[in-house]
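Let us start with two forms of the same protein chain, each given on its own as structure tokens and named structure 1 and structure 2.
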Structure 1
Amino acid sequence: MRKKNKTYLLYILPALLFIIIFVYVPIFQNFYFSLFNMNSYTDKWTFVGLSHYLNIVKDPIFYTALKNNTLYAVFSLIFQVGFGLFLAILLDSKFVGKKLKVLFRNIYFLPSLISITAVALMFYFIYNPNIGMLNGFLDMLGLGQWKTAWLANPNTAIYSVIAMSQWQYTGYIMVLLLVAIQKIPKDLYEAAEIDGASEIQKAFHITIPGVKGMLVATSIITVIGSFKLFTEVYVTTGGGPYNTTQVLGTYMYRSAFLFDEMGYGSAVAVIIFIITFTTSLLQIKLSNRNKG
């Protein structure tokens, strides 16, 4: 028995090593880096204590980034989780034929399979002021005065990026919720029908409470995803125009790799860590409560 136990431990070891070396060590090292002035191409380090954090708190771009991540989270909650739930309920209703249901589900799910970079490049083109699809439509509809450089106009840029992500991920969250809805026992609905409940009543009294766990889970995924944002912004706007679309991820990259301030970038990384870590802890707590 003892010998077998040793074997089992040996099975565990490679994974453990991987995770320690490439996940834990960097994250803890990052705390340490954030206390120094350093850049990518020199070996000169100077200890600066917490001054990077103080500078971040004074930097207006940090607040722009925080605001954009939050905006992204709010819109994603409304569209992906809110509208996604609405769609899932519609798809599961008796108003949609069985075959159509599968077709709709698969089509809505499709964009989430395309790589984020490809989607971002597509929208980069769709939003192009001269030959893009969006301005083309506006012209066709006689709304030429609404045309703008969607990704270069500070008033529209971040919303254009957010809209792109809603296009890509609403279907994905909808499918998650649809799976959860389909797990709700059918007899609950039958009983309600006998009582003469309307579709809306059924949705509010059976479906939504029935998928509460999944709603919490998808909300948290969406929020964490919003704070991990990088590729979507980097590929479409690169944080511009004039830093109005910076998010924490691009802000960190910019400090560490564009301005040669790796210590400062590390401090931003610590802030991203704190936000995503606490949100994840919240997820665990909430999902445990929902189970119990």
Structure 2
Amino acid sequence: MRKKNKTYLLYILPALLFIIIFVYVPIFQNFYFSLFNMNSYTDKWTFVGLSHYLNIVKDPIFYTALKNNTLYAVFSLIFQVGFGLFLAILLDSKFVGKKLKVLFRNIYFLPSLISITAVALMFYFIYNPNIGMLNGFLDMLGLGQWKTAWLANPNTAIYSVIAMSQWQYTGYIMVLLLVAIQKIPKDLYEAAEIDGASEIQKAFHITIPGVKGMLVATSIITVIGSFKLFTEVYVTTGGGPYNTTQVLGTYMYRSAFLFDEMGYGSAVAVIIFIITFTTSLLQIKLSNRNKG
């Protein structure tokens, strides 16, 4: 038995080393870098302790970025996970034929395969105030008074950025939940039908409890993705107008590469890690508590 256990360790060791070298070591290195004042033009490092973190919490742009990431996470949980669950239940129901199930599953999933940069550029033109499809569509409906420069208006810019990701990733979450739904024993549904349960009752009492684990997993994926947001904002608004669409990712990029404050940028990265790690642990803990 001991020899077999050692054999298992040999299989695990390469993956373990890979994770340590490329995940855990960079995390600790980044925290170490955040304690210094440094830039890319000199090898001189000045130890500043936690002063970068103190400066971050005094910066109003940080709170704007944090608010935008939180807003993005809330909308993503509602639309990507919530609406994705609704689509998954609908596609698994008897109201949709087998051929249509395959067709709609592919249609909804396809946007998640497109490059984020390509999607951001596409929506950049859709939101264009002069030649954009959105304003043209509003004109066609006789709602010209609603037209605006969607990405240049401080009141609509962040919501416009949020909308493009909901379109892209809802289908991806739907497919994950659909796979989980298909693993639920059919006997439960048959027993519910015998008892006279409606489709809505089956959804609330069988389907949703049956995919609870996948709901937690997709929620964690969605929240982590929300706080890692960067490309969509960088391509469309760059954090503008007037920093109203800044998120933690662009705030970190701006600090490290535009202002060449590498230590400050590392401190922002540490904060992003702490937020995502803590949020994930909290979601898992709440899920386990509900199981009990």
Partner chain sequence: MNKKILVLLVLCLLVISSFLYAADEKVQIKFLHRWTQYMDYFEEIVKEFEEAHPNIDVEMQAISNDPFKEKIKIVLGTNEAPDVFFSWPGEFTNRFIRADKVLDITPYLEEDGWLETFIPSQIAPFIYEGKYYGTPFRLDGKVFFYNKVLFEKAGIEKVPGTFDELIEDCQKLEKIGVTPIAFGNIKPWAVSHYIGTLNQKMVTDETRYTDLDPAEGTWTDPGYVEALEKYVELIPYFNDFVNALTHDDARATFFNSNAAMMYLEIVEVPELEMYAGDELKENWGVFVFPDIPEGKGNQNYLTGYPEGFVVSGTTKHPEEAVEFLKFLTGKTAGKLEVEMLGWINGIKNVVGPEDNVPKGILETVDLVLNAEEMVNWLDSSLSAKVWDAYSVQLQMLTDGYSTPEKVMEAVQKAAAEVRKEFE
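Note that the structure is predicted; figures quoted are calculated from it, not measured. We call the rigid core the largest set of C-alpha positions that still match within 1.5 Å between the two forms. Here, a residue number simply tells you its place in the sequence of structure 1, counted from 1.
By the stated condition, namely the form predicted alone, the second structure is the one that fits. If you fit the larger rigid part between structure 1 and structure 2 on its C-alpha atoms, the smaller part is left turned by 11 degrees. Core fit done between structure 1 and structure 2; CA of residue 23 shifted by 3.7 Å.
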